[in-house]
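Just the one chain here, laid out as structure tokens, in the form predicted on its own.
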Amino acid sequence: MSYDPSRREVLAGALATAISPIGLLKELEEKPVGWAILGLGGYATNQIIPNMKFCKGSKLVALISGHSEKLVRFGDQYGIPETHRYTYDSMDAIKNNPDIEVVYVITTPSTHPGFTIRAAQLGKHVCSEKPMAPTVAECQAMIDACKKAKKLLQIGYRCHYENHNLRAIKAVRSGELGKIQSMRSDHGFNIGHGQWRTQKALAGGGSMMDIGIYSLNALRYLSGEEPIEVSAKITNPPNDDRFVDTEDTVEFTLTFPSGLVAQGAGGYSWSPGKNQFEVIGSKGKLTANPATAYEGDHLTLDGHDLSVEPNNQWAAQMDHFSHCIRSHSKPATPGEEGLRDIKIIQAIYESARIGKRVKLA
């Protein structure tokens, strides 16, 4: 079953796998797709790798890291043979390792383009974490490299595969809430000092590129539309050395073709933090709080709990991509999805800089 991401139907990342032909599912279980994890930071070692045991069609087979100590520690912990442990300098050797079919790039955003292009040229499919890359040009280069190598590219938008978010999309787009009147999404926390996320050379930007992308992407996938105009304002607290290089709070407004106007925000100095979205329609109000957490997402409709069966969003994301590889179909969150977010983020930055609305192509 192929997926045309341009249609932006109710996000069927998890559903595409669920309704796969029985024979293909059996094939994936008998011979799961081999994944190499590139970058052994906190997200890789605390979320991605531990949750791979819940995958049915994806298997951890290799590790790639710039730290030899981490290769030893996590390689031993997860039973990865020394022959399948690579440094960044030696990773070209993965070309000759047929066990590795996918490289999952989980490093700082500024390094995503280089590693993605390199992995594609070595004959591997690529999953890259979000934000996809600091610039539109780099996103396009990643897409072009994978197409040239005839390899698939997935961006790690885990929420597209999480059941509460899928249920929220259904409620918004199916007419369950009636005509949508307003939409808002807020994501932020209080960041510590000296983190790479506040260094533009590594992160590509501040809160908007990191936690703010959750607000932006949620407004896009809930509405099923692409904005045609943005306006934005950036606020940095005075004399706060965390925000010398990048921004703190970004407030933005998106105007969609249907006439819907949606608000979003992201921030790095919020205490308490926020992780939520709210959609008001003529027939009801949907609230998610938390909306995009690692666990415990919660939906209410007009103040009443919506019953949703939790799922493992990381396993769903990886198994969906493995399914796409075996079935030669496009992933639900391809490179083009990441590119769209970066295009809008750059327009948000421009709007905040000039103090005017910016139209999107």
Ligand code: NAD
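From 1 onward, residues are counted along the sequence shown. None of the values given here were measured: they were computed from a predicted structure.
Below, we turn to the form predicted together with the ligand, even though it does not appear here.
Inset, instruction - Name the stretch, out of 52-60, 323-331, 35-43, 304-312, where some heavy atom lies within 4.5 Å of the ligand in the predicted bound form. - result: It is 35-43 that comes within 4.5 Å of the partner.
Considering non-hydrogen atoms and a 4.5 Å limit, does the ligand approach residue 214 in the predicted bound form? Close contact exists here: in the predicted bound form, residue 214 approaches the ligand to within 4.5 Å, heavy atoms only.
Checklist entry - Does residue 156 reach the ligand in the predicted bound form if we count a contact as any heavy atom within 4.5 Å? => result Yes, residue 156 sits close enough to the ligand in the predicted bound form that at least one of its heavy atoms falls within 4.5 Å.
Contact flag, residue 189 vs the ligand in the predicted bound form, heavy atom cut 4.5 Å: Answer no; every heavy atom of residue 189 is more than 4.5 Å from the ligand in the predicted bound form.
Exercise: residue 247 in contact with the ligand in the predicted bound form, heavy atom 4.5 Å
Answer no; every heavy atom of residue 247 is more than 4.5 Å from the ligand in the predicted bound form.
| query | Considering 276, 269, 108, 97, which brings a non-hydrogen atom within 4.5 Å of the ligand in the predicted bound form? | reply | If I apply the 4.5 Å criterion carefully, the residue I get is 108.
Heavy atom within 4.5 Å of the ligand in the predicted bound form - the one residue of 118, 173, 197, 167 that qualifies: The residue in contact is 197.
I have 78, 124 and 319 flagged as a candidate spot, so tell me whether each of them has a non-hydrogen atom within 4.5 Å of the ligand in the predicted bound form. Not a single listed residue reaches the ligand in the predicted bound form, so no.
Query raised in the report: Does anything in 292-324 come within 4.5 Å of the ligand in the predicted bound form by heavy atoms, and if so which residues, in order?
Result: Going through 292-324 in order - heavy atoms within 4.5 Å of the ligand in the predicted bound form - there is one hit, 294.
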